[in-house]
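First, one chain by itself in structure tokens, the form predicted on its own.
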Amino acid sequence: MELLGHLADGFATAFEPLNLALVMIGCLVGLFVGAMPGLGSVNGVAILLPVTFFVPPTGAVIFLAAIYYGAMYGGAISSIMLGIPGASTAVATTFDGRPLAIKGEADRALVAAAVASFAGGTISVVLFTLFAPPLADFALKFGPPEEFALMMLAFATFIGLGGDDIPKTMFSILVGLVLSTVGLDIISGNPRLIFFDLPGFYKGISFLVLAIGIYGIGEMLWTIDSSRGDVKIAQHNVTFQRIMDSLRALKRSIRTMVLSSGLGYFVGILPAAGATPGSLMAYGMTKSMSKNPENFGKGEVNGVVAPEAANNAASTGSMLPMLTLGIPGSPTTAILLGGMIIWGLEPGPLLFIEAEEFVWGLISSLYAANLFTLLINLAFIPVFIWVLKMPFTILAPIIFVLCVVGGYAPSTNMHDVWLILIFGAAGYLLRKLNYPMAPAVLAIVLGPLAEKSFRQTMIGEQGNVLVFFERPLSAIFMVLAVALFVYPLYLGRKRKKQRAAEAAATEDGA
């Protein structure tokens, strides 16, 4: 009953006219920020942080949290409509969202993304409300060994992304891991893989640069090549009936939404993990558990539902360590944490006691932001679809300009723009050779996290590799990772034997 009382007081705070207006404006701004390639929630919150000094602290955090939520939704828009990830958290959405759009089912993909985002946000806020303190304590049990084991589990789930061709998938992962090591060594500070002594490589290769190059420029080149210049992207007229049919069809994806939301929230509460690994892991898990994994990457609705549910759940989960421990769970919450300190709010266990009105007002505003962003997304679907009705001769230059601007804006460095063009050409060529690109994207995201946790573990344990199997949590993750790695190999051999048997039977019959 005490919890319900706190929540009721929080809703009273969240639905004050000023705070409610800030929620609505924040959701709209976040939607735009998330949809613009290269911006994302981090830049949006950082840019608009000074604006919040004109409103009370509670309203300020509510506004920034609404931007964060809106950006999580918005990232799916450009991923689906243009094949350009609006933010790193929406890269996995591109894998199946863009093929759905090309097949004339962009409205179905957008509805799936909006509803999955709403489900992920709602489930995570409920978990946040009910289990904040115990989950924060659980997150503290994750040391470097557990973090590394979790990264290995993520890589294992992605082994299946390359279909039956495990060697090509492994090659793709290894390329991503090599690219993730470019820059300065995290322990010694010595330069590594500084190609041609170019100073731009000292800061490493941005994940967003790789993603925009492969899925923006590379997708554009592939579309032009595969259509031999006559590019036509079909799209039915959006009607209320089609949207309702898409909503009803999502009943089959409820299980995926729930599992992906749980996984995303769990990854989100881990300090410094964030929504991007959560969305990629949810996509890999969903494909691994699917009865028709071969449909993924060709326009599978669950391939949109899984990452969108996970990244919204993770964005809420990342606020948990920020509020309860004072440890940011993602780059965006690190900016929110800085803002809270500026406003005189001290994150930590005592925050729930000393600033009850602020904490419960923020939690309640997340419920409101979730609902508003769903309604805004569904209402704007006809506007988003209009983009696909443009001739590709006009759309292709727009995609190219957005890719260049999206790569240049975060760093204001032409080095990143040249890398985008190089990765675009490389992505196109590798796709022609049937190499899967998703594992490389996963590797460049998780590579730095895995390296840091592995090296911390080795230093702390004086080189004892068995520590990963001696600690209960890390042992569970490592065993699951080994099982998920071996399973596709077993399936591949089984399918080869079946094909050989069928070929032999055909020859005997002839």
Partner chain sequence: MRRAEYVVAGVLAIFSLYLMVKSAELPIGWEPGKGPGGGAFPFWLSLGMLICCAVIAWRNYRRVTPESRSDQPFMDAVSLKLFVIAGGSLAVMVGLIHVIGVYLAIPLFFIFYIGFIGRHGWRTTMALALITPVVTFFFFEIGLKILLPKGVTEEWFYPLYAIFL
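Note that the structure is predicted; figures quoted are calculated from it, not measured. By rigid core we mean the largest C-alpha set that fits within 1.5 Å across both forms. Positions refer to the first chain, counted from 1.
Beyond the structure shown, there is the form predicted in complex with its partner chain, which is absent from this document and is the topic of what follows.
Relative to its partner chain in the model of the complex, residues Leu174, Val404 and Val417 are all within 4.5 Å by at least one heavy atom.
A heavy atom within 4.5 Å of its partner chain in the model of the complex is found for exactly one of Leu193, Val126, Met289, Leu375: Leu193. Only one of the listed residues (Leu221, Leu100, Val359, Met285) places a non-hydrogen atom within 4.5 angstroms of its partner chain in the model of the complex, and that residue is Leu221. Exactly one of the stretches 433-441, 73-81, 293-301, 240-248 approaches its partner chain in the model of the complex with heavy atoms within 4.5 Å, and it is 433-441. For the chain shown alone, Leu130 is not a contact residue for its partner chain in the model of the complex, no non-hydrogen atom being within 4.5 angstroms.
Looking at Arg255, you'd find every heavy atom of it more than 4.5 angstroms from its partner chain in the model of the complex.
In the model of the complex, its partner chain lies within 4.5 Å of some heavy atom of Ile459. Although the partner is absent from this view, Gly463 contacts its partner chain in the model of the complex, with a non-hydrogen atom inside 4.5 angstroms. Shown in the overlay between this form and the one not shown, fitted on the rigid core, is a CA shift at Glu294 smaller than 2 Å. Taking the rigid core as fixed, one finds a CA shift for Thr256 smaller than 2 Å between this form and the one not shown. Core-aligned CA deviation for Ile342 between this form and the one not shown: less than 2 Å.
Between the C-alpha atoms of Glu294 and Met220, a gap widened by no less than 3 Å is obtained in the model of the complex, as opposed to the form on display. A change of 3 Å or more separates the two forms for Glu308 and Val175: their C-alpha atoms lie farther apart in the model of the complex.
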